[in-house]
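The data below hold one chain only, encoded as structure tokens and taken in the form predicted on its own.
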Amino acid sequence: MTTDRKHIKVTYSSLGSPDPLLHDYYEEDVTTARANLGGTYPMYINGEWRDGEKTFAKYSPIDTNLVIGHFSHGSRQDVDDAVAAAKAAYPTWRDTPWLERLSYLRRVADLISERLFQMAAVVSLEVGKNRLEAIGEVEETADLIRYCIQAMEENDGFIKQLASETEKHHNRSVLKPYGVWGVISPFNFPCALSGGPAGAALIAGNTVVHKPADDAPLTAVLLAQCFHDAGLPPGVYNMVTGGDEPGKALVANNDIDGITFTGSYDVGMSILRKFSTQTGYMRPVIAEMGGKNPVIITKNANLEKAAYGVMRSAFGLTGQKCSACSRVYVDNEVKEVFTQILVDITEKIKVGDPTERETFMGPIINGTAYRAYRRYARELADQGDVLTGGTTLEIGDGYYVAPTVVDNLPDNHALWTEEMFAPIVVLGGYDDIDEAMKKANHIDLGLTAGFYSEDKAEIDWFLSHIEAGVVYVNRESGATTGAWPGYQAFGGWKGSTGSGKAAGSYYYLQQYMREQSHTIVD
């Protein structure tokens, strides 16, 4: 059966009509994963598994009585040791021919694909992601690595010949790694936003210290196992689990030469301010810092297509995506019809255990997010009209909440601009499409955006005026979500980015390298 599994190629497109075997394999591995929960797991430093002095327990949001495991709580010393190991390993890894580095990372990607269902089962149990999204994310991790491998190959290691003054002059541009690279990853894409950046940094010739989210430590352990089993030399890849302390220690360490961070705007901006210049010179920060993503729907839209696109992007992963659709501006001529369609399909969403086949929306991640949802729901009910949802759900002992659609919220309400990271979408009507665009663009974030119209002139107008890094037009499978490496470049504008470059694009891998000009005269 393991051999047969290799024949299933998973993408977000193929997940729309999944092979029945995909469900069989996933269910087998969910059963196995459940039976093996509750263990104690170490960190990975300098090619060895290391226990921390303290541990913390991770509980499943599906059932708060379900212990995922006990994990090492990394200290500042653990982080410093990991950085020192990465620094010691760097010269040899840097000097390893890039084709040889690629062979290591190919093995990592292949191991992730081979362990697809095992890792997806853990993602579901650990963060509450439904089975299709979990499977898609794990395979996306492998494809993010493969995409960077392809970029390195297509650019011949990023050694470019330049013009020569004479036949005796030989000029070239060479991209070289920085050194030790830190990766701080979020809970909502615990595999893709860990393995993708770590893989890119390693392909470029950097060594890595990875600090995963404390809400997703088991996924990080399984990913570290892939790097270990691929045979990477000791110190090339390191992983330290824990809460805020190891993350802060990583940012504070002056031997880190660059960082990739995915998370909130406030934390990302703090890292940009502190880390970038604390050594006395600029160090690179690749930061993706969230979104408050708008959709504009005109009177010329296919309203059913628009409603499904909004629903899937607003409530996929319980609204806990930086790319989630959270605000919708609808032409008043069609707003009533659109709203009714959206409410009807939202009320049919199956909320529950995300490992079950029919579930679309699992729990919210933890008690803090659960309480925040309740606060948002109260605020929205006080000043707007909650058309559906706005309540917590009694489903076992998990953190379950209802998908929520809100109308008639005052334009000056903070939840038009505050990223909620919850399954809540706010609707607003408009008579002037230019005014709708002003509202869509007026906030400091600019990650994703969607548009629905069957009028080509309106589409061209939208694409010319929207201020976001990832835009989708007439996409039923997701109004603002669902990028895949090589198909959609994923990166923001304005306060959503620290670099203006996107993952899964032509320009991503180069961020992990710096340029050196060579002139050699015979």
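Everything numeric here is computed off the predicted structure, so don't read it as measured data. Start at 1 and count along the sequence shown; that's the residue number.
If you look for the form predicted together with 2-aminohexanedioic acid (UN1), you will not find it shown, but the lines that follow are about it.
For residue 481, a non-hydrogen atom is located within 4.5 Å of 2-aminohexanedioic acid (UN1) in the model of the complex, even though that partner is not displayed. Using a 4.5 Å cutoff between non-hydrogen atoms, residue 449 does not count as a contact of 2-aminohexanedioic acid (UN1) in the model of the complex. Remark: residue 189 counts among the residues lining 2-aminohexanedioic acid (UN1) in the model of the complex, judged by a heavy atom distance of 4.5 Å or less. Put simply, residue 323 is close to 2-aminohexanedioic acid (UN1) in the model of the complex: some heavy atom of it is within 4.5 Å.
In terms of contact with 2-aminohexanedioic acid (UN1) in the model of the complex, the residue from 193, 314, 240, 440 that brings a heavy atom within 4.5 Å is 193. This chain lacks the partner; the member of 490, 44, 26, 462 within 4.5 angstroms of 2-aminohexanedioic acid (UN1) in the model of the complex by a non-hydrogen atom is 490.
The candidate stretches are 63-71, 450-458, 482-490, 26-34, and the one lying within 4.5 Å of 2-aminohexanedioic acid (UN1) in the model of the complex by heavy atoms is 482-490. Contact residues in stretch 134-156 (any heavy atom within 4.5 Å of 2-aminohexanedioic acid (UN1), taken in the model of the complex) are limited to 140.
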